[in-house]
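Quick setup: one chain, the form predicted alone, written in structure tokens, and binding and motion questions come after.
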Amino acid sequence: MLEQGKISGRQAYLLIINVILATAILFVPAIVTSAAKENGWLAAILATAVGVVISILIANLGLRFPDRNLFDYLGDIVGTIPGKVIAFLYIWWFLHMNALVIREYGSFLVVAFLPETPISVFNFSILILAGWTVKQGLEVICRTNEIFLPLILVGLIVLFLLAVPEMDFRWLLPIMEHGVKPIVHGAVIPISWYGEIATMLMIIPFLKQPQNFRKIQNLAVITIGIFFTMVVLGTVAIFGPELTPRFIFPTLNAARIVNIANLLERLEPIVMAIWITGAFIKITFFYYVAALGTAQFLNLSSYRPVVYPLGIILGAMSILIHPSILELEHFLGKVWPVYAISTFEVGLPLLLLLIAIIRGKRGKT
């Protein structure tokens, strides 16, 4: 096995939370409320319910082969050549998904804080640090996340508690005035974020107690749902359902309006710190699974030789993939959900699970 490290259930739980929540807290409120308006918080709850279903699907597939990761058992389920094709597609998805996250990271820093700095400076800087961390292994990634994630969650809670005086909860009414359709439409985008939990298929054999994976995933999804709902509800209560979708980063704007007795104000550094630390862990983890999958695809004895070549590819993709943040936001809102959910997050895992059940394929328990 290319990775010898082992992680605890707690580390896996925290990793899942950061992988999904890190980038969504900035983009989701605007995208969700553009469709669901004042009922965006209901869309967040619906997305969480669907996220639990996706989590169960992923867990059922992964736990049929608890001793191996996705790339190890693809050939057993569908055959060698089809397995290689699906493995290649997943490598592309890992790289594409990470390039989008890196672009989001760089775009946020350029647009919100340092507009004169080339985005390539931010993108390649974080890739250098992430590449070094990836070479240290999964245990180091998870231990780093154990340090940062509690600070991120506490920072979010404090931020929205301080913003409560600026909230008007009448903005959340009326409930379901236009029926269920806008809520379903608004839920599609965050569902695609929940679907990123499919990346966990790469690390199940590294869990100390893989039999707890289903419970860990479901608990993580519910935790994420609580924070999703809090962020969407809070931003809509501050800015209203018409103004929230007009902001690129509603959470950042919420931090800017906090003013406690003219003493505590301008809390953007909290959002900046949350974004940088959360995005770093997410980028590093996606980088790791891409490197691990590539090494398995090429039948290498170690994934470390491919880390920096993949970093160059990721850096170039993150800059070339979308010419502007507006096009990136359009892609995330209109294209990504269909592309990701139908293929990599639900479509292929469901197909693989059905074939494995029909053919009676499973690994060691």
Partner chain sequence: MKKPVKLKFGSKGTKVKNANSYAQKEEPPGEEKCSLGLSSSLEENLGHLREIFAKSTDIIFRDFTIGRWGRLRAAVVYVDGLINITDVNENLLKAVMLEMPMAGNDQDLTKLDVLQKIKDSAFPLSQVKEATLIEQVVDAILSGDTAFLLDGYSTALLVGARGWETRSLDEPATESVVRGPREGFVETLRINTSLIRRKIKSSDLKIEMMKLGRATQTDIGIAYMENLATQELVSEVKKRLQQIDTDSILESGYLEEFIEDNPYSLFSQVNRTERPDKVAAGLLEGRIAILVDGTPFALIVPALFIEFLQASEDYYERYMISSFVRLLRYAAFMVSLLLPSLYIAITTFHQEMLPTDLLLSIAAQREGVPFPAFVEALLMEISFEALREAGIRLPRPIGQAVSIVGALVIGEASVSAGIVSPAMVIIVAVTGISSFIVPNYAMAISMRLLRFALMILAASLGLFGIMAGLIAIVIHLATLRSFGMPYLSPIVPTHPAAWKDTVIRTPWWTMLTRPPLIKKGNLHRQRPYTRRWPGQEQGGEANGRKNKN
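Since this is a predicted model, take the numbers as computed values, not measurements. Positions refer to the first chain, counted from 1.
What comes next is about the form predicted together with its partner chain, which does not appear here.
Contact with its partner chain in the model of the complex holds for none of Gln296, Tyr303 and Leu310, as no heavy atom of theirs lies within 4.5 Å. Partner proximity in the model of the complex, defined as non-hydrogen atoms within 4.5 angstroms of its partner chain, places exactly one of 186-194, 141-149, 240-248, 285-293 at the interface: 141-149. Interface residue remark: Trp171 is not counted as part of the site for its partner chain in the model of the complex, having no heavy atom within 4.5 Å. When contacts are judged by a 4.5 Å heavy atom cut-off, Leu129 counts as touching its partner chain in the model of the complex. Shown alone here, Gln136 lies within 4.5 Å of its partner chain in the model of the complex, counting heavy atoms only. Not displayed here, its partner chain is approached by Pro269 to within 4.5 Å at the level of heavy atoms in the model of the complex. For the options Ala255, Leu109, Ala99, Ala220, the one in contact with its partner chain in the model of the complex, meaning a heavy atom within 4.5 Å, is Leu109.
Exactly one listed residue, out of Phe71, Phe213, Phe206, Phe122, brings a non-hydrogen atom to within 4.5 Å of its partner chain in the model of the complex: Phe122.
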